[in-house]
Ligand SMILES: NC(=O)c1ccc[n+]([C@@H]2O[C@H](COP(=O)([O-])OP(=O)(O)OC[C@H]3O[C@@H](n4cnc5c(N)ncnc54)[C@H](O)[C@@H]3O)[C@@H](O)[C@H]2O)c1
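In the block that follows, a single chain appears as structure tokens, in the form predicted on its own.
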Amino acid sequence: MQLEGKRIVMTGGASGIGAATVLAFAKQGAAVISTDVQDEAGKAVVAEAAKLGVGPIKYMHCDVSNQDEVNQVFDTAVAELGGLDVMANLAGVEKNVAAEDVNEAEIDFIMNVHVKGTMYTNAAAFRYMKDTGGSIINYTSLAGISGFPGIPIYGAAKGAVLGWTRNVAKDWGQYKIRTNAVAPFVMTPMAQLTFDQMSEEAFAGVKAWFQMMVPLGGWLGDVEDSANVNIFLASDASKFITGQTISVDGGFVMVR
């Protein structure tokens, strides 16, 4: 029970790493309010998590790209929890768009969720943590650290998340708020969809490349691998860590 008594609001809890994190937080004794825009899936995850945990586990709809909605949801969630110790921002979207084909609609779609969503949720969390301290967990990507083919807008958005995280870690440390980023390389529904759309030949090439590039196992990790890092960052064990990027990728990108 590493998180017993911790009050957590998180985004992106309906699937992938987010869903695994809701379950992981619940198992560790936290009180959790999970948010997403996929309401049916989000409620199903919370129902499963409620059977595992000791703290209350609830779901709320939240579009992280809408600042008014974010603020309203955080006001309601924190009032229900009686305070806020941890905010984990895992909401994300991804779309393959070649750099030469970018357009305003695609840029806005990806940037609004990742960049605005990170800023809005972090700012909302700050209001409730500034007097008590806490932990903010943001999600970046190897695409934002070292680049990845075919997803330049996504990579740019995740690079912006890194810059934001480091800057607010400097600004908010005086309030005992630690702000860190996680860069996962694990099998999520988005990753699976990408692989499913590949030809057999293309997929074989990707697998061969991963075998060379990932020292631990030669393939993507599990969503639980990233969720376990979220437990650490949410717990008091990480109380002297801020402004850092933890790469959960089997050694694919060794962050310096």
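A residue's number is simply how far along the shown sequence it sits, counting from 1. Small disclaimer: the values here were computed from a predicted structure and weren't measured.
Keep in mind that the form predicted in complex with the named molecule is not shown, yet the notes after this line are about it.
Enquirer: Ok, Asn228, Gln67, Gln211, Gln38: which has a heavy atom sitting within 4.5 Å of the named molecule in the predicted complex?
Expert: Checking each option against the named molecule in the predicted complex, the one that comes within 4.5 Å is Gln38.
Enquirer: Just one of 100-108, 76-84, 150-158, 167-175 has residues with a heavy atom within 4.5 Å of the named molecule in the predicted complex, so point it out.
Expert: Looking at the partner contacts, the answer comes out as 150-158.
Enquirer: So in the predicted complex, does any heavy atom of Tyr120 sit within 4.5 Å of the named molecule?
Expert: No, Tyr120 sits far enough from the named molecule in the predicted complex that none of its heavy atoms falls within 4.5 Å.
Enquirer: State yes or no: in the predicted complex, is some non-hydrogen atom of Gly243 no more than 4.5 angstroms from a non-hydrogen atom of the named molecule?
Expert: No, Gly243 stays farther than 4.5 Å from the named molecule in the predicted complex.
Enquirer: Looking at the partner-bound form in the predicted complex, is Ile17 within 4.5 Å of the named molecule by any heavy atom?
Expert: Flag for Ile17 set to yes.
Enquirer: Taking the shortest heavy atom distance, is Ala49 within 4.5 Å of the named molecule in the predicted complex?
Expert: Residue-level check for Ala49: no, no contact with the named molecule.
Enquirer: Would you mind checking 160-197 for residues with a heavy atom within 4.5 Å of the named molecule in the predicted complex?
Expert: Contacting residues: Pro184, Phe185, Val186, Thr188, Pro189, Met190, Ala191.
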